[in-house]
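Take a look at this one chain, the form predicted on its own, written out in structure tokens.
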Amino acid sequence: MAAGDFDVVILGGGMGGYPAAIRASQLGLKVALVEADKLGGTCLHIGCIPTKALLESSELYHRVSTRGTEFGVNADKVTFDYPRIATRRDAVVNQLYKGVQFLMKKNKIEVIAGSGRLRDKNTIAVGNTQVKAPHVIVATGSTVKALPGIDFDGEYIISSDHATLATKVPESICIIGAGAVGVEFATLYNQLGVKVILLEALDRLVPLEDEEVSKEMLGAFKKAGIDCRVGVRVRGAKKARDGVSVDTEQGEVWARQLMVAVGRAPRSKDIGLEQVGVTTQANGFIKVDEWMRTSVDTIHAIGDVVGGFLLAHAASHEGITAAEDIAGQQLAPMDQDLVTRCTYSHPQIASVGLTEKQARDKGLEVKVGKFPFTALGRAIIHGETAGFAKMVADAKTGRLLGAHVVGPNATELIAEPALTQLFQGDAWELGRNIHPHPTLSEAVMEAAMAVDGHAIHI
């Protein structure tokens, strides 16, 4: 059996694959999309969306139960119902899943269910079906990484996948890894009253963020009662005393459950890459250029499988870039420096561009502006004054090199600095943009003005 010919066939229908399919269709191409599981991929079903739905519930519960009286809201004996929280999580996912299915029909994209494999540089085999096209986009995503000698059992030793889909929470949990996933789940469990021990092998929390952000997070987490231990290397773990004993170089750590959150690995094995000559790096990520082209002229690759920032919005942008390149309508190449990074912990973290250290390590002379939320009217009204906005600019040209926000609604505030960097703008231009008052966005404005010593409220 052979499928009809297409202009482009996409292997993987996650947050990279399905937007690529839509954009290609908009540009007049006939598109087939091969998906082994569900459209929307990891982000929609076991990643971004369900975890943020869980965090929305935990944040509401925590805010009302611990701070209600501060706001004049008297709510006695506030409790949470985790199965109900899980039901709402699933409802959110299902609504969005139906939306993606609708978009496939609306854009006349043929969705082929099944596990696909590259047969040659123009063909994907799905069972007995051969799907042919002049262009192929590989968008197979990634999977959670385990630690050597620590195997997931789904009950005592879990990954973020298991935690996301759980219908109950443990009495205590040890989390290995204090990157974005680790601190988000530490926030979730802590807000629900679970005892949390957070272990990080490097010397600070969220080690990919600006060093001042890491310091702020450590203080906030300790204040919240999270047991944070940095510079701790794990040697092994085993089930013990109706829980898990974690062996570290500093001694034993015990908790009812252990979550391993040490990153993700590309789904690049056994999909025919070697057979057709697609070059991969030693760690399995596919090598691509700025237009998402691989070493094979007919094949593009996008999303987590190519490395860079393993984020849904990065994958979507890469998919759109690849589709436009295939259609001969290139707008702009993919630039990893323009990818916003968002972490939905408490406090939230968001960043784009270079950290202060990265800029200095590049030999750049920089100037920095910071503004604390403690000085912002809207933050005081909101009741969340921890954190700051920080801008890193080139000292000679004034061009904005990086932006870092830790605090309330940071993930919403980062878009404006990101746009400034897209337009290769200067910090003063961001600062001179008239921001509404009272809003949290004023922190971004003030930090940008502070680069040149012109902040008003500090």
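All figures in this text were calculated on a predicted structure; none of them were measured in a lab. Just count from 1 along the sequence shown to find any residue number.
Beyond the structure shown, there is the form predicted together with ligand NAD, which is absent from this document and is the topic of what follows.
Answer with one of 377, 127, 333, 207: the residue that has a non-hydrogen atom within 4.5 Å of ligand NAD in the predicted complex. Of the listed residues, the single hit is 207.
Name the single residue among 100, 194, 232, 220 that comes within 4.5 Å of ligand NAD in the predicted complex, judging by heavy atoms. After the contact test, the surviving option is 232.
Please pick out the stretch from 103-111, 276-284, 173-181, 320-328 that is in contact with ligand NAD in the predicted complex, where contact means heavy atoms within 4.5 Å. Answer to the contact question: 173-181.
Counting only non-hydrogen atoms and a 4.5 angstroms cut-off, does residue 216 reach ligand NAD in the predicted complex? Residue 216: no, not in contact with ligand NAD in the predicted complex.
Find out whether any non-hydrogen atom of residue 344 is located within 4.5 angstroms of ligand NAD in the predicted complex, and reply yes or no. Taking the distances in the predicted complex, the answer for residue 344 is yes, it comes within 4.5 Å of ligand NAD.
Is residue 157 part of the interface with ligand NAD in the predicted complex - any heavy atom within 4.5 Å? Output for residue 157 is no: heavy atoms all beyond 4.5 Å of ligand NAD.
Is the gap between residue 63 and ligand NAD in the predicted complex 4.5 Å or less for some heavy atom pair? Close contact is absent here: in the predicted complex, residue 63 is far from ligand NAD, nothing within 4.5 Å, heavy atoms only.
Which residues from 76-109 come close to ligand NAD in the predicted complex, meaning a heavy atom within 4.5 Å? Residues within 4.5 Å: none.
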